[in-house]
Each structure stands twice: as structure tokens, then as C-alpha cells.
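Only one chain comes next, encoded as C-alpha cells, the form predicted on its own.
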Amino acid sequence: MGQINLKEIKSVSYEKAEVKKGYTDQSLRINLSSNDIIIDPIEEKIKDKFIGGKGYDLWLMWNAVSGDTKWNDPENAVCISSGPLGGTPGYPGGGKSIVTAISPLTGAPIDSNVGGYFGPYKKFSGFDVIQLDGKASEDTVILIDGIENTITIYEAFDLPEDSYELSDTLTRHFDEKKPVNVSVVTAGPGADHTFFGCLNFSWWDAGRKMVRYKQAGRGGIGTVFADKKIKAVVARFGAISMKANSPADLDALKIVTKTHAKEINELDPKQNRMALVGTTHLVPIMNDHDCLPVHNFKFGSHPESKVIGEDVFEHIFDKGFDGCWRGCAVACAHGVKDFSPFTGPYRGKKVFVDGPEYETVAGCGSNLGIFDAQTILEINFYCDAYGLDTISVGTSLGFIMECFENNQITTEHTGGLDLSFGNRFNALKIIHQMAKGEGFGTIVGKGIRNMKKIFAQEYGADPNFLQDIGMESKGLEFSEYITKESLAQQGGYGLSLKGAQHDEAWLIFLDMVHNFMPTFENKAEALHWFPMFRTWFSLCGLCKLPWNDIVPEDNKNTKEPAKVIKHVGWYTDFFNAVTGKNIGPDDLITMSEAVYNFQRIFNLKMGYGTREHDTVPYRSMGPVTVEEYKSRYKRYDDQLIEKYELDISNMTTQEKVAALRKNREEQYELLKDAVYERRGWTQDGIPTLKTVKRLGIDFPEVLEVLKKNGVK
């Protein structure tokens, strides 16, 4: 493309804060309305309590918004942090950023954990966390230059529309000679026209000499970013070494880094082969255990799943190092070279596709009845280019396809499009419509919670049926796992703070396959410990995959194999080596508890965060339709007889569906009771005064929110 046009609006020079023991102890706030650039110190008490990463993000957001703030209000803040451990080269998964905002889908805080180089570059440029608020009047690019020690706000003209070309253009513009020094965060045209816009975080792939991308996908943070008229935020920084975080004990850091990386290099080829096939290894596993979403989560397996699994992508993925952080041994960020789309603006051109991950394969493949790797790759590519979350796209399309096949919507509503399961061409048409803000795609882009209202109120659809099959919780579309036979994973989705995302508690295998948690107490304990430990990764700027996707060979013989305790110990050593603390594994859980409970109270501040909001659609608990029941009738019949002690000899299938539903819904409510008690919450799901005092988050403003909700 031709010369881009950036008009400097404001530029400030700053004295870079040096990193000490993983922290710079400074925040950067940029207000797009006033173009104010504000650098503030981070108080020691905030550092001690909120740790970094998501903790810092939430604290800044809490102080930026009121309980009445909507996602598109100027005061809504996009916050990006990494954490004290983020930016450690060579440590597996050590380069994450954590992004938060008030979500267009949920109305509450949303967070995404994402790879790429931005988080570390931003920190080493002098800032533990950045806050972007206000709204620009023109398209804006922000540069945080840690080499020149300047922060510049530009008005931007003549920039490329899609995220791929934009990131590449800005990378080369800001450091043509050393593009590895640049990381770009940008959305795309889809973020302008939907509620589930994502953010692409870039890094320079030196081997392929090209810009690569990872996505902060969940909850529409890209939509907030685009609404503020931010085209991109760019971080520029130079060389990074083990000393960059100025660790308290460099020798100890080298030892734990080498130990963890060595184990992954030795065991990954024997276990999940993530350095070869990434997360696509999950497709056959999920299919074999009846957990792969098929036809809007109606079924859990399909005979054609083999054509979209790891065996196919092993041969399609381009060979080469695929780590989204420097020296990551997991190296799971694979892609496809010289792919040629058959629709849209890139039709007939050769492109590089970053992905797909398991979630995209399942959500935009089997869940839509599309068993074709090429179509999945095209959906993947355009979602990234347009800035669309593939999970929300796939789950939303699955919902409308089932609605279409059940005459809840018709071609009259879809603009003449046949949206039956398996119609790959029309699925792509909807995606292109979402990017342009045209046609039925504008409705789909509002997300399932809003579509349920529109279909019922304007199209005359059955609201009860829509509620049962609309796979969202708290407004966030489900990620891609069938949970009908895992009560713990139903809780993992419904009791998650931000909505139906598995990153808080991925318990489906531990519960359903291994039966590690047969009692309510076991499940409640798991729904306490696992969300807390998983939260810890987002406090520190780390990826979760190295913790439990590659495990020690003797792990199954340990007392609690699900927790991978040896790795928990290594992460404790990692934290201590960088920060100079002297903590034990249990302390990791406690520090996460403080932030986790604070986020629950943040939800409460925004009008959510009680028992009524911890619901899930019945499809996630059991069969909604007779067809579903019959597909697994032996399983369901046996449960009615053996588990619930019912005489089903004279029952119709419809009566069996109703009986199973009654019992499963009761079980879910009992699970809520047990989890709330374990977490130290009231039976309405609110942290008690005793809990917030124990965790040291009894700030006056927190106590005021609790008081307004009857907790004194």
C-alpha cells in the first residue's frame, strides 16, 4: 500500500522507570477525549494486594467506572497489563498480556489472556499497566516507544481496514530495520459492527519474516477499543534477556526456567505433541468422550470429526518455530502458509492463517455441522482479519442454525439465506456481513443473549426454546465443550465470573472421565481451587498450558494429579526468584482469592454478581429435545432408573426428558449451594464480610457495595 498518514497530536518524553523484581511500579493512562497522558506511581498496598496483570486492570477499571457505566460510555477503560513474571524469555508461556473492559455482551468486567509481545514490551518500556479511556474524535494510533522514551498520540488516515494488513503496515512503519522491536494491538472492521470484536496482539516471526497474531477474544473488548476510535496501540522495545525483569535471584530463575523447559521438550512429543499440532490434539479426545460440540451442542461426537482433527492439521500446519513468546518450549501457535480463501476480499490471494486452535475447529466446524478443514481455515482467517471472536462467532452461528432448522427464524428474517447446519457458504456470508455491518449479520453480531430477545419479540419465536438452546451465560457465548455429563463443568461455566469461558475451571475430564470428584464437596473444592490457581496466571502474565497440558511422567501417581503439584511448586519458585518473596504454593491461591472475590464484587457493583446470574441454559445440563434424548437413550434411561430411582416403564420419551430435567436442575442448584459455602459467599452468591476482611479487600468502597446488597 502507499504511504500511511499519521498526524501527531501530542507527544511527551518520559524518564523510563527501571524494572525491579518484575515491576516498574508505574501506570500509564491515556484519555482519548482530552489527549491527556498521565504517568502515576502504583501504591505499595495495591501492588501487594492485586499483584499485577488482571489484578491491576480490575483496580484501575473499578476506579474509572461507576455502577451505571455502559460499555460505550467514555469512562469505560480498556486496561492492559502483564504481571511481575511476564516477559521472562525462555520460560514456557512467559509472555502474556491480560486485557479488561466492561463488556458489550455482559455489561460486567471481562478479561482475556493473550499472547504476543505487547505486554512485555509495554512493561519494559516503563509501565506495569496502561489504561485507555475517553473517546477520540478521529481514528487514533498510540505509540509507546521504550527505545526513544516517548509516548505519542496520532490522528490516523489512509490506514488499511483489516487487522492483518494494519498490524503489518504499522510494524514496518515504526521500525523498518528491526520489526522484531514492534508489537501492535488492533481490532478490525468486525469490531465496529458487532458486540464480540476481538483484539489482535502481534509479534514478529523472525523465521518467516512476517507479523503473526494472537487474539484477546472474549467478551467484545475489541468492540470497546473500536468504539473509542483507537485503530492501534503500538509498543516498541529492544533486546530482552533474563535480566530484563531484574529478578531478585537470577540464578534461581535460570534453574527453574531451564528445568520446566527441559521437561516440556522431553515430554511433549510423547504426550499431546503441542509443538506439532497445537490444541487440535483435543478434537479426537473430545469426540471420543462425547464432549465435542456438534449442531449447537446438541450432540457430543460425529463420525466425520477425524477430517478436522490433529491428523489433518499436522500435515497442513507450516513447519517451523511457533512460539508466541521468545523461547517458549510449548510453541503451539501454529499456522497455515499459502492458504487461498474462496470468498471475500482475499479471494484467490495467498495468505498466512494464524491457527486454528481447538476452540475454532470445534466452534466454527463441528458445532456448525461443517466438517471441512479448508472452510474452518477460511473462517479462522476472516475472523482474525475482521477482529471477531471465533468462539462467539461459532456458538452464535450454531444457535441461529438450530433456530432456522426449527422454524424459529426463516429466510424472511435472514435475507434469503438458508442457514441450515453444514451450509458453509452462507456461514461465511454472515461473517462478511458482520464485518460490513450489513444484512442479517448485524443481528447475529449482537450475540445470543440479544438475539433471543429479538427472535422472541420481533419474529414470534418460542422464548422457552430459545432459552434452552441459546448457549450463553451472563451474556457470554459458551466455549466449545459438551457438559451434559459433567456437573462440575456446568458449574465451571455458570459460576465463572465473566461468563461461559473454560479458563477459570476446565474440569470436564477430571469430573466426567476420571471421576476425581464424586461428591458435591469434591466438586465444590475443585470449583474453588482451580479458578483460584488459574486466576494466578493472569495476575502474573503467564500462559496456563505449560502447567497441565504437559505433565511429569509420575504425575498420575501423586496424591492430587489434577493439580500437577510439581508444577505448582515450580511456579512458586519462579515467583519467588523474580519478586524476592518467600511464599509457598498455598499462598498462590490466597493471593488469587483476593482478586477473584474483588472481581465478584465488581460484578455486583455493575448490577450483576448474584445467584440469579449464575445460570446456564438447560442444553448444557441435559437433552432439550426428544431427538437429543434418543441419541443417547441408553445412558439417560439408566440414569433415571439407577441414579434417580424412577420407574420409566410407562413413560414416553417426552416424559423422560422432563423427569431428567427436573433432577438435573435440582443437582445444579445444590452445586451452587456447595460452591458458595466453600468460597465464603452467601447463598445469594455474594462474598461475606468475613471473607473480604480475611482477604484484606475490605476497602470502604467495597464495603459500600456489599452494604447496598444487604451484606453488613
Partner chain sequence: MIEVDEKKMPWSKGMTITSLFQTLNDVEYCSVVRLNGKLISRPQFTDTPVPDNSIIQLLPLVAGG
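Numbering follows the first chain given and starts at 1. Given the structure is predicted, the values throughout are model-derived calculations rather than measurements.
One more form of this protein should be noted, the form predicted in complex with the partner chain, which is absent from this view; the next part is about it.
K.L.:
Within a 4.5 Å heavy atom cut-off, is Asp549 in contact with the partner chain in the predicted complex?
P.N.:
Residue-level check for Asp549: yes, a contact with the partner chain.
K.L.:
Verify the contact flag for Glu458: yes if a non-hydrogen atom of it lies within 4.5 Å of a non-hydrogen atom of the partner chain in the predicted complex, no if not.
P.N.:
Contact check for Glu458: no, nothing within 4.5 Å of the partner chain in the predicted complex.
K.L.:
Residue-level question: is Asp288 within 4.5 Å of the partner chain in the predicted complex, judged on heavy atoms?
P.N.:
It does: once the partner chain is placed as it appears in the predicted complex, Asp288 has a heavy atom within 4.5 Å of it.
K.L.:
I'd like to know whether Asp311 contacts the partner chain in the predicted complex, with contact meaning heavy atoms within 4.5 angstroms.
P.N.:
Asp311: yes, in contact with the partner chain in the predicted complex.
K.L.:
At 4.5 angstroms, heavy atoms only, are Lys20, Lys49 and Gly126 all close to the partner chain in the predicted complex?
P.N.:
Result no, not one residue of the spot touches the partner chain.
K.L.:
Would you point out which of 142-150, 541-549, 567-575, 157-165 contains residues with a non-hydrogen atom within 4.5 Å of the partner chain in the predicted complex?
P.N.:
Correct option: 541-549.
K.L.:
Counting any non-hydrogen atom inside 4.5 Å, which residue from Lys556, Lys581, Lys243, Lys350 sits next to the partner chain in the predicted complex?
P.N.:
Among Lys556, Lys581, Lys243, Lys350, a heavy atom within 4.5 Å of the partner chain in the predicted complex occurs only for Lys556.
K.L.:
Let me know the one among Lys436, Lys262, Lys270, Lys319 whose heavy atoms come within 4.5 Å of the partner chain in the predicted complex, would you?
P.N.:
For this set of options, the contacting one is Lys270.
K.L.:
If you apply a 4.5 angstroms heavy atom cut-off, which residues in 474-510 are near the partner chain in the predicted complex?
P.N.:
Heavy-atom contacts to the partner chain in the predicted complex: Tyr481, His502, Trp506, Phe509, Leu510.
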